[in-house]
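Form predicted on its own, single chain, as structure tokens, below.
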Amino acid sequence: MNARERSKIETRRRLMEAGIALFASRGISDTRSTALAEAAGVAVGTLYLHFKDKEGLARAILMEGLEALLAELGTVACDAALDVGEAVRRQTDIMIRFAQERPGLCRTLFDPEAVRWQISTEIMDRVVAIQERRFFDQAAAGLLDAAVSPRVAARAVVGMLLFSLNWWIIHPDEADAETLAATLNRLRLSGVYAR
């Protein structure tokens, strides 16, 4: 990789870091392109060389975060030695740690502007599709409660997890990580799986 390519990658990284920080603290709609460029130490035109617009930057931030989360969750899905309860607990721990390490990303995901632009919906749909496939496989193996629809359960579980994590990031004093994990795991395991 030559110096120009390294510089381009570094500039994109700085823009994304500035976006996460400013979107989380000000909200997407109240963050101006000039503020993003200034925080990244570049000219406004440079922002538009890397991203079509502010929405493009928000989308890139959230999609990159999603890919990182899915990669971590994928390690659990690939571990055939785990029983359902242990897999659920590990998934929840990964999501809580992810939210702790990236609170700005979580705030950006639930920003009303991200919802209006359908970015949040795209992310939710991708995560739901993964959970839905897992539930259909588990239903075929007799692990799901027979009265539970895998499609409905996938949306309910993903919604519960994402919205609970967003609430917790905003109100960290309301529950510690262990209480949050225990509650989410109990709800997931008691409401979906066969006894």
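Please read all numbers here as calculations on a predicted model, not as lab measurements. We number the residues from 1 along the sequence you see.
Quick note: we don't show the form predicted in complex with a further copy of the same chain, though the next part is all about it.
Undergrad: Have a look at L47, V157, A40, A58 for me and say which one sits with a heavy atom within 4.5 Å of a further copy of the same chain in the predicted complex.
TA: Exactly one residue meets the criterion: V157.
Undergrad: Do I20 and a further copy of the same chain share at least one heavy atom pair within 4.5 Å in the predicted complex?
TA: So I20 does not count as contacting a further copy of the same chain.
Undergrad: Look up in the predicted complex whether S33 has a non-hydrogen atom within 4.5 angstroms of a further copy of the same chain, and give yes or no.
TA: Residue-level check for S33: no, no contact with a further copy of the same chain.
Undergrad: So in the predicted complex, does any heavy atom of A153 sit within 4.5 Å of a further copy of the same chain?
TA: Although a further copy of the same chain is absent here, A153 would touch it in the predicted complex, with heavy atoms inside 4.5 Å.
Undergrad: Examine F51 and determine whether its closest non-hydrogen atom to a further copy of the same chain in the predicted complex is within 4.5 angstroms.
TA: Taking the distances in the predicted complex, the answer for F51 is no, it never comes within 4.5 Å of a further copy of the same chain.
Undergrad: May I ask whether L62, L66 and T92 each come within 4.5 Å of a further copy of the same chain in the predicted complex, counting any non-hydrogen atom?
TA: Heavy-atom distance to a further copy of the same chain in the predicted complex: none of the three under 4.5 Å.
Undergrad: Go through 162-188 residue by residue and record those having a heavy atom within 4.5 Å of a further copy of the same chain in the predicted complex; state none if no residue qualifies.
TA: Read in sequence order, the residues that approach a further copy of the same chain (within 4.5 Å, in the predicted complex) are F163, S164, W167, E174, A175, T179, L180, A182, T183, L184, R186, L187, R188.
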